[in-house]
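One chain comes next, on its own, written as structure tokens: the form predicted alone.
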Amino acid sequence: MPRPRSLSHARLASAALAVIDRDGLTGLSMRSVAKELGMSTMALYRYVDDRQELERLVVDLVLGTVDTEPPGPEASWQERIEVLVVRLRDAVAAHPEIVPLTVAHRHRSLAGLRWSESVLGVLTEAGFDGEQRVIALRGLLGYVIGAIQLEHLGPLAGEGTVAITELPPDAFPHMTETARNARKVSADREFLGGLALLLRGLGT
């Protein structure tokens, strides 16, 4: 039997995202989303097959908010890539618990694939090709995903940095000094500074 149309994919995804934002990724289940929608778990199965389908809907909902239109060619390729990367970071960082889902469902999310297509277009225009282009795209994706996880799980202003400053300086002179400096670095400065280093390296 065809599925009823009273619940749209957007509404299902919004309910699942609300659960994740409130209870974390471990809180996502068919039961919890059904409760969020005010329906029975069995009724939810009329709209989606399983939790994996819910995850894909959530990824598309979040990544679908990213503007994938690259800036014009009057900007340098590094500036164009930075704009695209920051847009992706802003969208995902608003819901950091979904980072593992973006990795797991990256091949199935049309919204995510459109972002990668735009990045590859800029890289191609800049002269990247073959393995160099593969490594550049993977490096950018890895940086965004890793940076968001670090910002969420181990921010520079967090307890971990404080604990490092309290290590014995004779045993960890570089770590303690770096941690003291790290407490002054904002999340945006950390992200953009790391991205600048990566883009500089890709350009050599």
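Every value quoted in this text rests on a predicted model; they were computed, and no experiment measured them. Residue numbers run from 1 along the displayed sequence. We call the rigid core whatever largest set of C-alpha positions still superposes within 1.5 Å between the two forms.
Although not depicted, the form predicted in complex with a further copy of the same chain is the subject of the following passage.
Undergrad: Of the listed stretches (57 to 65, 43 to 51, 27 to 35, 132 to 140), which one has a non-hydrogen atom within 4.5 Å of a further copy of the same chain in the predicted bound form?
TA: The contacting stretch here is 132 to 140.
Undergrad: Using a 4.5 Å heavy atom cut-off, state whether G121 contacts a further copy of the same chain in the predicted bound form.
TA: Contact with a further copy of the same chain, yes.
Undergrad: Decide whether R106 counts as a contact residue for a further copy of the same chain in the predicted bound form under a heavy atom distance cut-off of 4.5 Å.
TA: Judged by the heavy-atom cut-off of 4.5 Å, R106 is in contact with a further copy of the same chain in the predicted bound form.
Undergrad: For M39, is any heavy atom within 4.5 Å of a further copy of the same chain in the predicted bound form, or not?
TA: M39: no, not in contact with a further copy of the same chain in the predicted bound form.
Undergrad: Considering non-hydrogen atoms and a 4.5 Å limit, does a further copy of the same chain approach E69 in the predicted bound form?
TA: Looking in the predicted bound form, residue contacts with a further copy of the same chain do not include E69, since no heavy atom lies within 4.5 Å.
Undergrad: Looking at a further copy of the same chain in the predicted bound form, which residues in 143 to 173 have at least one heavy atom within 4.5 Å of it?
TA: Counting only heavy atoms within 4.5 Å of a further copy of the same chain in the predicted bound form, the contacting residues of 143 to 173 are Y143, I145, G146, A147, Q149, L150, E151, L153, G154, P155, L156, I164, L167, A171, F172, P173.
Undergrad: Would I81 count as moving between this form and the one not shown, using a Cα shift of 2 angstroms or more after superposing the core as the test?
TA: Where the cores coincide, I81 shows only a C-alpha shift between this form and the one not shown that is less than 2 Å.
Undergrad: Using a rigid core alignment, state whether the CA of L120 is displaced by 2 Å or more between this form and the one not shown.
TA: Where the cores coincide, L120 shows only a C-alpha shift between this form and the one not shown that is less than 2 Å.
Undergrad: Does the C-alpha of R133 move 2 Å or more between this form and the one not shown once the rigid core is lined up?
TA: No, the C-alpha moves less than 2 Å.
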